[in-house]
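Shown below, as structure tokens, is a lone chain in the form predicted on its own; questions about how it binds or moves come after it.
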Amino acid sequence: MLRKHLGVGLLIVLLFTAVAPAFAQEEVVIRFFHRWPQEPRNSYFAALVKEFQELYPHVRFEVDYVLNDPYKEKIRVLVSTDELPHIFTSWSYSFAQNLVSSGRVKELSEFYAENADWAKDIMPAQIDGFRVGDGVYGVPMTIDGKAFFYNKAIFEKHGLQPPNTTDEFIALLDQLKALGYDMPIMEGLMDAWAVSHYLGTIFQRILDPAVMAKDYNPATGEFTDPGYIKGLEFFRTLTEYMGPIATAIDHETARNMFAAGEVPIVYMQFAEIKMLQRTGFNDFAFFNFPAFPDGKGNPNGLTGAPEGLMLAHNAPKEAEEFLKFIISYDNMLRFVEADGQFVAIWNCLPEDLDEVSLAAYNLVLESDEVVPWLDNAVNITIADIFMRGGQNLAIGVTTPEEVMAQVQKAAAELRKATNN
């Protein structure tokens, strides 16, 4: 095969050159902003920038990148100015909607239509997270899911089974404690986003979908359903099984403890499978978030949401070509092989994909409901209260009722601001 004789990057450049459109040769600057300064993603994007410049020598890039939480803050500031980068990464659902409300994000319906051969490889369901009103404002890149990962050796040794309900889950955690695991489940609660992942799933399992639809809309949200209190109480119960160190560590530390066999269960994203495997730990499996016996939500929903790319309203044509260059089958396959996270391109999987990763991929595709991360699903003001409230619940300095009082007050102010 040709790929055995050419570097993959060079091959892609040669193939792309054959169909690359011609542009005027005046220098064009593309401002590119992403949230991955860590490896291997930073090197991956740096390579794509270099290869694209080989295709278009008149293009010069200004690349900026910061980590997750600083990225959220910076892009919210930039989108309110004329300095919004031409191409940038974005979460889906409410996060994307908030950016679109600035009027500075390019609507892409015509872009999809004009590039139908390219767009046909993208999973339509993953595009939905970037729909706002009648328009589409983003291109999905990565897809993900979240589940409870467990140590198979520990479960097999003691004859334990994954739970189907939250009652069974608590009973399982009690069994593990009785077997000598003082921290049967772990999370890095220093990371506020980790709290939101728990709460978003818990609320989805408990609440009537109509209640969530009303409350998650800033124009109608009230957050008075007692299911929120129940959900916060359940989250507080789970933190009691994490021990006192959970509030002093981040999620990466919790994942490393799991990989080292120190804790039996961790709530993790499928994007972290390869991170576990790089440590040499492979004896794990996963189960979806259990159902609440009297819950009104879909018990088969899978938490996770696509993340993708957006264009500024004034992005040059070359930025559109760069977006297509990134979201192409070959370049996305390189991403999967380097990083391990799944992408929104059909069947874009390495040939040697391991069984647990394949099972995770199939669970994402087969899930009958995508449950977006809470900090993507609700207004950021509401999300911040829930995330800080969850952290404070874990250390015992607040109550579910106090958290919800703050949420309800903020929701009332949002309703007033939105409807005026």
Partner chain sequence: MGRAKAKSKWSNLLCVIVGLFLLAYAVVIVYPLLWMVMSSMKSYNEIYRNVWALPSEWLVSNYVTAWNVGISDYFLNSFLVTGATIVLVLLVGSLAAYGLSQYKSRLIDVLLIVTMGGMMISPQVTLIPLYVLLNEIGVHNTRWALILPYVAFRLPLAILLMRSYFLGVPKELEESARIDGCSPLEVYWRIFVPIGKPIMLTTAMLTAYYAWNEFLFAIIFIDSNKFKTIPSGLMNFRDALRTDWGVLLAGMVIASVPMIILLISLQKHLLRGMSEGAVKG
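This structure is a prediction, so every number in the text was calculated from the model and none was measured. Residue numbers count along the first chain shown, from 1.
One more form of this protein, predicted in complex with the partner chain, exists but is not displayed; see below.
> Mark Gln38 yes when one of its heavy atoms lies within 4.5 Å of a heavy atom of the partner chain in the model of the complex, and no otherwise.
Although the partner chain is absent here, Gln38 would touch it in the model of the complex, with heavy atoms inside 4.5 Å.
> Residue-level question: is Asn256 within 4.5 Å of the partner chain in the model of the complex, judged on heavy atoms?
Answer yes; at least one heavy atom of Asn256 falls within 4.5 Å of the partner chain in the model of the complex.
> Heavy atom to heavy atom, is Leu358 within 4.5 Å of the partner chain in the model of the complex?
Looking in the model of the complex, residue contacts with the partner chain do not include Leu358, since no heavy atom lies within 4.5 Å.
> Heavy atom to heavy atom, is Leu55 within 4.5 Å of the partner chain in the model of the complex?
No, Leu55 stays farther than 4.5 Å from the partner chain in the model of the complex.
> Counting any non-hydrogen atom inside 4.5 Å, which residue from Asp64, Glu51, Asp354, Glu369 sits next to the partner chain in the model of the complex?
By the 4.5 Å criterion, the partner-contacting residue is Asp64.
> Which one of Glu252, Asp294, Asp134, Glu110 is close to the partner chain in the model of the complex, taking close to mean a heavy atom within 4.5 Å?
When the partner chain is considered in the model of the complex, the option within 4.5 Å is Glu252.
> 264-272, 199-207, 67-75, 318-326: which one contacts the partner chain in the model of the complex at 4.5 Å, heavy atom to heavy atom?
Heavy atoms within 4.5 Å of the partner chain in the model of the complex occur in 67-75.
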